[in-house]
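This document opens with one chain alone, in structure tokens, the form predicted on its own.
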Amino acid sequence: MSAEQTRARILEAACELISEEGIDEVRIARVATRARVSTSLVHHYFSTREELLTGALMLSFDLAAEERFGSDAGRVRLDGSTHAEALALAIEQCLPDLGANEHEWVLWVELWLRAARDPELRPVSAQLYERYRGWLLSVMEAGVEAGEFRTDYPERVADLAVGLFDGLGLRVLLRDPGMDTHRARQVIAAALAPELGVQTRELMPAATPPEPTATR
């Protein structure tokens, strides 16, 4: 196994433990056991526990971002898709589906909790949010450049999107009966569409059923 593979294996083990038990419970010895390596080898790659935790969180974010947006969020789109469709896909994938990306969302929540108490982790949180917002902003700016989105303030819309994803995504993660993934997508699309000068339906996945018509 190469050095790069060993390092990745250690980080993956740390991600699993953070998700299962929380950041506060993760120790280098336990990560070593999960990764099936020695503690001295973990220390070889990560001099401190905080460095290991930071690396694990960064890895989780990078894997999720690559899966969602590819190498360039503003340019890499599905063949034949519009920028609105690309943003609709981003909305869908940034919310917890209580399946494939639930693990990632648990890591996010753990980071929020720890960073709120530990000032040393706040720069890590800020860095992750900067990159997260940057990817969303690039989708919006590309849409503006192409003439599909109409806004003079894409940065403001990106900040609004991040806030909506966090707030509604947490309710979905907690199994709030008043906010499932479908409802969260609808609320987010309805909030972002007028900000970007498009119709709400353009920011909904193609397979999403329309909202029922109210009856009297």
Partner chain sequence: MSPRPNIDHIRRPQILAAAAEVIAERGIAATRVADVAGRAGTSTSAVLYWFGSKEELLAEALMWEDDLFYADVTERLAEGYSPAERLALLIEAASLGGGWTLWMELWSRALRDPQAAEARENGDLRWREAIAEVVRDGCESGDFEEVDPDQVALTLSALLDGLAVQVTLGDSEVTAARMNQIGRTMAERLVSCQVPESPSRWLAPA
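Numbering follows the first chain given and starts at 1. For clarity, a rigid core is taken as the largest C-alpha set superposing within 1.5 Å between two forms. These numbers were taken from a predicted model, which means no experiment stands behind them.
Below, we refer to the form predicted together with the partner chain, which is not included among the displayed structures.
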property: Non-hydrogen atom contact Ala116 with the partner chain in the predicted bound form at 4.5 angstroms; result: yes
property: Touches the partner chain in the predicted bound form: Val144 (any heavy atom, 4.5 Å); result: no
property: Contact test in the predicted bound form: Glu92 vs the partner chain, heavy atoms, 4.5 Å; result: no
property: Residue contact check: His44 to the partner chain in the predicted bound form, 4.5 Å heavy atom; result: no
property: Ile28, Leu170, Val37, Leu59 - the one with a heavy atom within 4.5 Å of the partner chain in the predicted bound form; result: Leu170
property: Within 4.5 Å of the partner chain in the predicted bound form: residues from 164 to 202 (heavy atom criterion); result: Leu164, Asp166, Gly167, Leu168, Leu170, Arg171, Leu173, Leu174, Asp176, Pro177, Met179, Arg183, Val187, Ala191, Pro194, Glu195
property: Core fit, then Leu168 C-alpha moves 2 Å or more between the shown form and the other one; result: no
property: Core-aligned CA displacement of Ala193 at least 2 Å between the shown form and the other one; result: no
